[in-house]
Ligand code: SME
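Heads up, the chain below is alone and in the form predicted alone; it's given as structure tokens.
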């Protein structure tokens, strides 16, 4: 199966796993676990918007930073700019926040509330340089929409 086919199946699985459930923390946790295991990423998780910062949410992988300010690092920049950011080499990203020195590439996808505002970001890290591309961005954006629709519809 190629990457597009894997993501297509993953998107269907995420939706099937979380639709009809009413426990947002559980839905986010299971979605993260499924993405992490299916794609064999190194770190997969959510940071939730809380005032002027992102706060660590559910994740799979090694320990992580608790708080990220708006506009700081890849996550804070994706939030501030309201766009998906693909970073082939985190060492080349100005202001990268190194929660772990093992992270080499990263993708961050904003999740949007009912008003179009960013309510969270999906952050995924790899131990390899240049792991993520436009295919990852497109499908992770679709998965983010699915997750928002089923797990965070009231935000």
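Numbering follows the first chain given and starts at 1. As the structure is a computational prediction, the values presented were derived from the model and not from experiment.
One more form of this protein exists, namely the form predicted together with methionine sulfoxide (SME); it is left out here, but the text below deals with it.
Looking at residue 112, you'd find every heavy atom of it more than 4.5 angstroms from methionine sulfoxide (SME) in the predicted complex. Methionine sulfoxide (SME) in the predicted complex is not approached by residue 36, whose heavy atoms all lie more than 4.5 angstroms from it. Within 4.5 Å of some heavy atom of methionine sulfoxide (SME) in the predicted complex lies at least one heavy atom of residue 97. In the predicted complex, at least one heavy atom of residue 68 sits within 4.5 Å of a heavy atom of methionine sulfoxide (SME). Residues of 115 to 148 placing a heavy atom within 4.5 Å of methionine sulfoxide (SME) in the predicted complex, in sequence order: 123, 125.
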